[in-house]
Structure formats: structure tokens, C-alpha cells
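One chain comes next, on its own, written as C-alpha cells: the form predicted alone.
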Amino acid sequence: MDYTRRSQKVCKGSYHNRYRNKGILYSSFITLIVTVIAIKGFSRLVYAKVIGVCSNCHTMHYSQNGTQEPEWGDEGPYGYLLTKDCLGCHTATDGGTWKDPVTGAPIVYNLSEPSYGIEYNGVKQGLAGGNFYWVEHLDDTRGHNIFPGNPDDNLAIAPGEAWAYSPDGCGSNSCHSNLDRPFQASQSFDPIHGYLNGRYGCRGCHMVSGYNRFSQIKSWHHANDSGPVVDSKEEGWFRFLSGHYSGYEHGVAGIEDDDWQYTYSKSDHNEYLGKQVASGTGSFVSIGANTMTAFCCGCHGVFHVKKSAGEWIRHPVDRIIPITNGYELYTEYDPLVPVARPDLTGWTGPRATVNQGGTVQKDMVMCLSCHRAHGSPYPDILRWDYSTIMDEKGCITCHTTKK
């Protein structure tokens, strides 16, 4: 793998834009934004909605002075008049940058080991979703492989792929096979798969843009997801997570932390929605609930069939945390071990406690309780080292009697 070539390619255009206007237009725009915020009484800026001058992200003709601008990327021009692709906006060359200084985009790929974010055993793990640094520098078991044209070194399909061996053979050409290649929709599953047709890389999960006869997504990067609870396609869903089995009418609901958990505490974090389903079933049962677990099962559906003959064969997800056998001791929210909430209606922000089964809230374990979404320092995208863990974090947070 040519790391140097890839690093140069994804970073071109990240910090350079010759059309950025630093004069009156920019000042007027910022003044307008501040005025609107003051009038509306927002407690903080909108979360994922792009702000700033248009030229931070867009170009009109992809040329200046009769020549193509090389810093806009070897693979450009890009669709939607963009000057760079996803990684071009969300990559930093150093390990300390967590937010692009011009666009405000969160950094999900540092070319040096991240030196910010939540820490476990002396290793900082970046923002809430983790970081693709470890996928590149360690191995593909450390995260989702979103790099185009770079097949996963270990897996041909997603582990737990529900469609891999379906009768029509769509597993060999499934959107869930690998994110490094475009998905070609199976006609047997239109319009379900048609929603994802042609998507890959970051856009295999984040539906920031695109238009076909099924999705009709338009400019979700400009959606006003001021929340506090983001739970509709008009808001762009939580972190633009939509699609998969459920189509564009469904997505992930939650509360978006305003700095993507660059700062974090028991009362400063994302909030996720959960819905308990029958313990022996799974797969796509809770799709309509707009939960993070339902979204994950679009690729890993088999993992959500958790029982066989009444016995647990896989770790439960979207299951209420018990109030016996030591589980009741997890009462103070730990951002390293997040939980899902059964109902976010009326919430104005994150909560500092974990309310187990038998109380009002009945919080749940979910996929992200154990895994990062992007990448982590540990195999299987875990939040901690599963092979050595016997401390106060990780599994022991819930399984308190096992330490």
C-alpha cells in the first residue's frame, strides 16, 4: 500500500482555496450568523450544518487563470461543484488538529496518531467516532476501510453480513460487502438497495448528498440540525446516518455533541436512541425505531440474532441493562461506554446518569457501547483492548462482578 501517495491525495485542497474572500462578504456573513443566533436564542451553534463562505467548499468552473488548480485533488473535479472529497475536508496532516480551521469540519483521519479525545491506557482515541489513522497505520481490523481502491486485507464482506448468501447472490455485489468499492444495486432488492446505488467510502454510511429516484437527498450538509434532538430527514438525521435497509424515510436519531466529544464528561457527550426488541430475533426488527443499532444491522444483521435455543450466542444489543448481579452499579455515564436511551422526547441535552431497567428510563447496551464507528487503536474497532482488559473500564463497566 502506497501510504505516501494516499496521504498526498486526500490532503490536497484541505487548507487551500484561492477563492476565499476575507473581506466584506465574509465579515457580513459572520455578522448575519451571529445576529440570527442571538435572535433565536440558540445556546450554541448548529452542529453539522456547514457555515462560512460558499467558496470554502465549492467552485464554479474548477479552474483559475486558464488552468486546473492542482491542490483541488488529483481525482477532481468532484460532483456538486466541490473542491475536494470527504477525506479532503476531514483530514489533518498532524495529530493535534481535531477541527478544520477554515470550514469547521470534524477531523476523522489524522496522518499522525491523534493526540486528543478520550483516553484509554494512555492512548487518545480522537473524536466520538474514533479515527481512521489506525486503519492506515496498523491494519484493517482497526476500523472500517473507507479508502477507495484499497480492498480490505482481512475481509471480503462485512462480518455478520445478512445478505451475503442470499438466493439471488447479491452478497458478491452487495453494498455491505466492502466500503472501498461502489455498490451496484441488486434489482431483487429495489428500492431498498437502490437507495445506496453507487455509494462507497464515507458516503456508504453518511448520506450527505446524492439524488436518485429512491433517495432524493439534497444538500444534507446544509440541513438545520440545531436539535437538540435530531430525528428527521429534514434535519439530515443524526450525523447524516440514513439508508441501508430502511431507506431515506428512516435514519438515526440522537443528540449531537457540539464538538463531537473533543471535550467530554458524564454530562458532555452524544446521546443515542435505543429500542429493545425480542431477544431471540434481531436483524431488521427495530429499523423503524431510528436507532443506532438498527443502522448498524444494515451491514451486520446476523449479529443481531442473539439467542439460539434460549441461550445467548452473541452479545445483546438494544437490550435493557439489568438491575441485578452488579449491573446496577453503572449509574454515572461514562463516555467511553455509552448507552442508548429508550426515549429522547423533550430532552434538551445529554444526561449524566445511567438509569437501568426497573427505573423510568431503562437504558440499553448498543453496538457503540463497545465499538467505535470509524476506527480505534484496538482490533474489531473496540474501545479498549479486549485481550488484556481487567481494569475499571470497558467490559467491567457493566460486568462489575467479573473484575
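Heads up: residue numbers just count along the shown sequence, starting at 1. The structure displayed is predicted, hence computed values, not measured ones.
A second form of this protein, the form predicted together with a small molecule, is not displayed here; the remarks below concern that form.
In the predicted bound form, the small molecule lies within 4.5 Å of some heavy atom of Asp152. Although the partner is absent here, Pro114 is not a contact residue: none of its heavy atoms lies within 4.5 angstroms of the small molecule in the predicted bound form.
In the predicted bound form, the small molecule stays beyond 4.5 Å of every heavy atom belonging to Gln356.
For the chain shown alone, Ser369 is a contact residue for the small molecule in the predicted bound form, at least one non-hydrogen atom being within 4.5 angstroms. Proximity to the small molecule in the predicted bound form, taken as a non-hydrogen atom within 4.5 angstroms, holds for one residue of Asn290, Thr97, Asn197, Asn270, which is Asn270. Contact here is defined as any heavy atom lying within 4.5 Å of the small molecule in the predicted bound form, and by that definition each of Cys89, Phe240 and Ile320 is a contact residue.
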